[in-house]
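This document opens with one chain alone, in structure tokens, the form predicted on its own.
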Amino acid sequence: MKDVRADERDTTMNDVKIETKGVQVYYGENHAIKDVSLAIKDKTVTAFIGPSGCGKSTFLRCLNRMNDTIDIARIEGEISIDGEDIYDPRVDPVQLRAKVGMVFQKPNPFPKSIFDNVAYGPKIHGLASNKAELDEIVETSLRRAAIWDEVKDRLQAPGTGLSGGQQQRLCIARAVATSPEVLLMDEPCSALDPIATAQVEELISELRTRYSVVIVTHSMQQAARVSQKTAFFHLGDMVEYGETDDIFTNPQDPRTEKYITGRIG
């Protein structure tokens, strides 16, 4: 088996945005994540792939402490962003989630206007001191999510009235409005049609010029299209991690090869 830790030693440390060491996750007695160590590079799309229930979404949720909201969850090991331990008691999870934005599987706009969906985060985090600044943040965020031209004339209309693909791009705008450094995406296209999926995939490629993007996807084709690095999870283990092209064309572990060729999963 490939030494996944050694695999990352050629990554210069100043390129690393997120580093995890020996991460274990337990849900009560269930050992959901087993000793995962990896380094996620800045300005890169990293994909987590693997069969349903393999732990990829659980591990993603560790990166912005979303598992804190689950009473029976227990996390061990170290996770740092820019060298700062995000599980340090002095770290405010609310502030962390402004820095590490998240987009979920199902588009979940707030029952508010398009404008207020995007303005919500900047308001609660005090990122705008007046209406003009807030307007600018909202417009910039909608432009970055490639939806401004579609909604600029109806900013006061409800966000829930948009199509599924537009709602997901609105949720991406909402996530980037707090000026995050990392974007986590948990199967962001699984509820979308092929055209909306293509739009979001194109957007992901653009977003990586500004953010570190980590995406969980059940689609190996999607991982191959949008990511530069891929981690394969199986039964709570991170089996293999490396360049996406290498994972798909020259996997080092037989479990990875079986998954990619459709024999497991």
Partner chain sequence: MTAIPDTPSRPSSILEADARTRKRNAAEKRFRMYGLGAIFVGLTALVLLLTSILMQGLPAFQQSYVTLEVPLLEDTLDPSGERNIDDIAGVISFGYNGLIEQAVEDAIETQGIEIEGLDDPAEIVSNQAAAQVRRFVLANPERIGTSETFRFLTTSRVDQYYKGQVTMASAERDSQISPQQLQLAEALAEAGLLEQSFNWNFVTQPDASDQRPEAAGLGVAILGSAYMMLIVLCLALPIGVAASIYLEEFAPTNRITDIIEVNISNLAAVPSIVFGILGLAIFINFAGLPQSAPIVGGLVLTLMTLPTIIISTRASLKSVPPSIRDAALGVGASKMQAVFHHVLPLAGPGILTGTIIGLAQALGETAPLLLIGMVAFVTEYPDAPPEGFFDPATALPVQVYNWTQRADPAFAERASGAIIVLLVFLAIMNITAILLRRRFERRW
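Positions refer to the first chain, counted from 1. None of the values given here were measured: they were computed from a predicted structure.
Note that the form predicted in complex with its partner chain isn't included here; everything after this is about it.
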Three residues, Ser37, Ile81 and Tyr87; all within 4.5 Å of its partner chain in the model of the complex via heavy atoms?
no
Is the gap between Ile124 and its partner chain in the model of the complex 4.5 Å or less for some heavy atom pair?
yes
Residue contact check: Ser163 to its partner chain in the model of the complex, 4.5 Å heavy atom:
no
Contact with its partner chain in the model of the complex for Ala98, defined as at least one heavy atom pair within 4.5 Å: yes or no?
yes
Indicate whether its partner chain has at least one heavy atom within 4.5 Å of a heavy atom of Ala146 in the model of the complex.
no
State the residue from Thr69, Ser52, Thr209, Gln221 whose non-hydrogen atoms include one within 4.5 Å of its partner chain in the model of the complex.
Thr69
Looking at heavy atoms inside 4.5 Å, which stretch does its partner chain contact in the model of the complex, given the options 128-136, 149-157, 106-114, 189-197?
106-114
Using a 4.5 Å heavy atom cutoff, which residues in 78-94 contact its partner chain in the model of the complex? It's fine if the answer is none.
Val94
